[in-house]
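Coming up are structure 1 and structure 2: the same protein chain in two forms, each one given alone as structure tokens.
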Structure 1
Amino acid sequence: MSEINQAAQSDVESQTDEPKRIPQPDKITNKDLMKSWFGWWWANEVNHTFDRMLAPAFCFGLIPALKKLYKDHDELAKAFQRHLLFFNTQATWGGGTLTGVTISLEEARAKAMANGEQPISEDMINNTKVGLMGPLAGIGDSIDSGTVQYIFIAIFLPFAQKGNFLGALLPFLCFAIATFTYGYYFTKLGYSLGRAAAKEIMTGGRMAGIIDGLGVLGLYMMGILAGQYINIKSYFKFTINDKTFDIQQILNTILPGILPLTAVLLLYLYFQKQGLKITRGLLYLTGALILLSIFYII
């Protein structure tokens, strides 16, 4: 089975000191940023799944940019792969900004590889995404979905109440135009912030420290997400002569949160031993969840 366990290998490669030489990348223009922003905007929640969340859309958006940056086929494939991993954020504040930031970091990486310099590592790109996606999602959901959307709806609601179709069309159009516009602005902003950061990183000679720091942040955020997104609890209760035994309650006195953690750690160890065989992991996990839940064990 053709699994993407090269990701794990490429990771190792990126830490050795002999970076691969690749052809010079093309320059990233505003048009490219617009293409990427539009790609993300369009694909946004189309391929939403529980285990990758919005990563496919993120990768979809980056395709044109990555093709300009990585003329080397292998590197292009690896870039595709690394942007297909678990990713979730809000569309404009999160996705716009991170599209820009990611393109700038990929550009710096591609350039360094072309020049035979020590490139920004995949880790750094991943951890930056992972560290920022959560808080930006919170901000974006609150503002876009929670406020901007309902402001427009509230303004035009009286039209609808009177039976006028503008009460439906205008909120939609206003929301679509407003968010598309500032989302693109965030993309450009992210790109220029990312460029500045990339330059700072590559000249500052503090790369190792920054990678570690981003690793801390990334793993920390994964811990928080695991605590908040994964929802596995035991529904298993049994009653013997009127005395009820509630497994989840017993688990709570032992270690609250033990089931979600176990799931993550089992998968982590599986990948650790077998390489990053995501599809298999998905099959096993789904199978286990279905089996356990059919019998109401979870």
Structure 2
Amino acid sequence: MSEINQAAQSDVESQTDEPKRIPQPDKITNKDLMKSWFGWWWANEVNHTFDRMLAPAFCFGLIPALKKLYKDHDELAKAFQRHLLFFNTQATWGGGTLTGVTISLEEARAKAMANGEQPISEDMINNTKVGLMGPLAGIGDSIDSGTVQYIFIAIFLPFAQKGNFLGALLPFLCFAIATFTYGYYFTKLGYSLGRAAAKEIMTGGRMAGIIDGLGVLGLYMMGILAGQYINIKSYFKFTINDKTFDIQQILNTILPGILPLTAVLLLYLYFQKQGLKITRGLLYLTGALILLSIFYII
């Protein structure tokens, strides 16, 4: 009887010494990428915390993909924990790209663990996120917040001026649709290219062309706004030999819109020299306009 107990005990010990088998991950599909992107896009500012910033939203977005990659409960819990660390980036260019890149790295780690190979380390996944979230955020903020949204505002501003509620609704709606669309593209790009996706976005010829084109279009729309909605006229007149000269009429025959353009260029040069001190620049511009209006120059 004792020999049987010893044999059973040794059998149990041999089983516990065996390495834990990790199930093979399921294949990540475009539907999974869409779920992860939509989860991040929808929640990226909902659960914004001081210590983790946007990490809860990022982890929430990754849940559909992580559940397909890690069938083992312990490994899934570890994945959740490492994506709850500090994370902060721009929603589309940063968040979309890093969603795809992270899923790609997590899939490589899950496959390696299931095949008994050396997996990608957790530090590598986290360091990739931390290293890329800043540069990608800078690109996204300048393009989305500094260019794209103002293009839609300029397009629908005439609606608002006429009292049509679509002037307030359509810029928001079009901006949301546009950012969601190319944010999903960045998610797929990040997944297919892995860490190389950030290099493609920041230095790739195709993306560089898109960024330059958006910049030119943004400047074009700002020029339209300056010419159409900035109204500066000169009321200065003088008489020579009983002939009255109207400065505004003279300017209209030479170069219409020169006064609004001059005001915009002076403000632009001020920002170039002194930095983006918006409040101070507007105060200087307002003071100059008041002073000129006192003498009926404008």
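Since this is a predicted model, take the numbers as computed values, not measurements. By convention here, residues take numbers in order along the sequence of structure 1, the first being 1. The term rigid core refers to the maximal set of C-alpha atoms that superpose within 1.5 Å between the two forms.
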Structure 1 or structure 2: which matches the form predicted in complex with a further copy of the same chain? 1
The CA shift of G281 between structure 1 and structure 2, rigid core aligned, in angstrom, is 42.2
